[in-house]
Structure formats: C-alpha cells, structure tokens
Ligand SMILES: NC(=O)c1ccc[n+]([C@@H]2O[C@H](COP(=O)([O-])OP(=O)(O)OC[C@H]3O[C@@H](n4cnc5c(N)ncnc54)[C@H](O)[C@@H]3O)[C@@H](O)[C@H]2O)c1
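Before any questions on how it binds or moves, here is one chain, the form predicted on its own, in structure tokens.
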Amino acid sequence: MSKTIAVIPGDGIGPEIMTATLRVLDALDCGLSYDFVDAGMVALEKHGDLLPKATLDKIAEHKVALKGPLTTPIGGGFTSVNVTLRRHFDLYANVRPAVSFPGTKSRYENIDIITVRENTEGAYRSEGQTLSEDGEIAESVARNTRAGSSRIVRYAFELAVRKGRKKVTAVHKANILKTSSGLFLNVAREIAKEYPQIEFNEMIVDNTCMQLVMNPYQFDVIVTTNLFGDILSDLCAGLVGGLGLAPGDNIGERAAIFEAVHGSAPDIAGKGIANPCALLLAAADMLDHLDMVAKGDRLRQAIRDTMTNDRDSVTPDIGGKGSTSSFADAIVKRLAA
C-alpha cells in the first residue's frame, strides 16, 4: 500500500516529536509518503496566517493528517487552530484512548478507557458568545442538535462493536441542562436500543468525575458532549500518567486528523527531552484508520516493550534517562528485531 498523508510538524517541541514519530513509521515500512504543511506560529511567521489555505487544501487532498502540537497566540483576533480545523473539515468525533503503560507515575494499572467526544457543537461554538458594553455580563449559548448527538453516539457504539468493547456510558447533565444535555441523553437512549449486545449506562458528569477517580475500571467507552468530553478525556489521561501518553483522533466523513493532545511546551523545545509517545500513539491510531491495524498494534507493543525493558532510553518525564531521539531509537530497534 502507498499512501500520502499531510504532516503538520507544529510549534515548540512539535518538530522534535514529529521527527521521532516519522522515523518510527518508516521503520514499520507502512508505505507512507509525507507532504509537509504549516500551521500555528510557524505558519503565522512564514505566511502571515495561522492556518494557510494551502494547508487546508493539502489536508483535503490527502484526507489524512498527522499533527504536532500548535500554539494559538493569546489575545483578541486569533481563533484556535485546532477548533478551526475541526469546524472546517467537520471532524465531529474526537476519540481519546487512555491506556496504562509500564513505568509511569500513575495511581492505577491496567486502565483502558476510550472517551468519544462530540467535537463541533455544544458549548464551544463561537456563535452566541456576547459581552455587554460595560463588560459586566458575559453570555454563551450551548447548542446541541439531534443530528450531531445522533452521529457521535452512533460512532461510539460502532467503535465499541468494532473493537470488541462491552459497555458504553453516556455522560450528561440533563438533570440541570434539561434542553441541551437532555436532548443528547434522549438520543443516546434511543440509539442504545439498536445495540443490545452492548451494555448501556448513563451518568451525570460530576458523578462521572468522582467515579473515574474512585473506580475507573467500571468504564469502557464514554460518549459525551464537547465541553464534558474535553474535561473527562484529560481526567482519563491523568489516570494513566498524563497528556504525554494521550493521543487524539479527530474523525469526520471527509478527513481525519491525528494529533498529540498536549501543548507545544516551549519551555523544553530544543532540549531533546520531549516525550514522543502521544504522537506515536496517535500515529498508531492513524494506521488503524488506514486499515493497517496489525502495524498499529505492533507499534503500540514496541512502545510498551521499550518502556518496560529500556528504561534508560525513555524520556525523563516517565522516569528514564534518555532523550526524544534515544526513545525513538529504542522503538526502531525493537521493530527491526
């Protein structure tokens, strides 16, 4: 198979972890070619635009992109690049696996939870946000639709079937947000009836946070709306060692973008100590999406084996003495064995 993907190296540590990730992908012999494009601060400096049209065109052409972390400047006039990409390509499903790896400073072992977050509507819509002229009153509109709720819930159930998962939990706040969250919950109940082989559960979001901390093993697949999914997916990442181990998949009908969900970490950029795992795991998810599931599983296992047996090669944030490049070297060596 030969496939070209768009590659956005990103800002800060982005180019370092992207270089490591592409080296590993090449070692897997996936038949991938890379079309490098700019976004974020690099694009602003080079092209005067955080997200140039040429970048959007290349993603549309290849339909798959691998993205490093991006920086959106603080202040008025700048819209989040990530949000813009999701809206432009209607990447309605944000999939965030949280899986335990050896040697991390986490409180739990054997965690395996997938959060499926609606990615385009809910509380994160820019429309309907107002601030009174005197600066005293801020208002925001949360807008959920039946169509948007239906497709994200159905995506979660289909993912559960495809991956052999047993349970889907719909997380909501319908006891208070009776219209916006209530619509989502009612749609989830309706669609759950179409999947009798999957256990369905519903849980209020604040209780979900408590339950995740107390007993995360009760969760399998979580499906929820945009704001709740943003918060819960980071909480789940904390259960397994932090955002350095958190990939993010943004899936739509016309395109898919796979990313490390952590920030650009400018404070350690250029020091060679950035953990590439989040982007590597996103790349593994990308391989699944490209029907190279065996290669994706092989990559995940190589990461796991390296973290178990090559502790001196892994980065300091997960207890090692190595660097970004030594981490990648160790994974490549295992893939070559």
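The model shown is predicted, which means the values in this text are computed figures rather than measured ones. Note that residue numbering follows the sequence shown and begins at 1.
The next section is about a form of this same protein that is not shown, the form predicted in complex with the named molecule.
Could you tell me which one of Met292, Ile268, Leu44, Leu56 places a heavy atom within 4.5 Å of the named molecule in the model of the complex?
Spelling it out, the residue with a heavy atom inside the cut-off is Ile268.
Though the named molecule is not shown, can you say which of Ala93, Val261, Ile191, Leu185 has a heavy atom within 4.5 Å of it in the model of the complex?
Flagged contact: Val261.
Does every residue of His172, Ser180 and Leu232 put a non-hydrogen atom within 4.5 angstroms of the named molecule in the model of the complex?
No, because His172, Ser180 and Leu232 lack any heavy atom that approaches the named molecule to within 4.5 Å in the model of the complex.
Is it the case that Ile13, even though its partner is missing from this view, gets within 4.5 Å of the named molecule in the model of the complex, heavy atoms only?
Yes.
Ala282, heavy atom within 4.5 angstroms of the named molecule in the model of the complex:
Because no heavy atom of Ala282 falls inside 4.5 Å of the named molecule in the model of the complex, the answer is no.
If you check in the model of the complex, is Asn275 within 4.5 Å of the named molecule, heavy atoms only?
Residue-level check for Asn275: yes, a contact with the named molecule.
Are any of the heavy atoms in Asn82 no more than 4.5 Å from a heavy atom of the named molecule in the model of the complex?
Yes, Asn82 is a contact residue.
The named molecule in the model of the complex: contacting segment from 253 to 261, 104 to 112, 117 to 125, 135 to 143, heavy atom within 4.5 Å:
Of the options, only 253 to 261 has residues within 4.5 Å of the partner.
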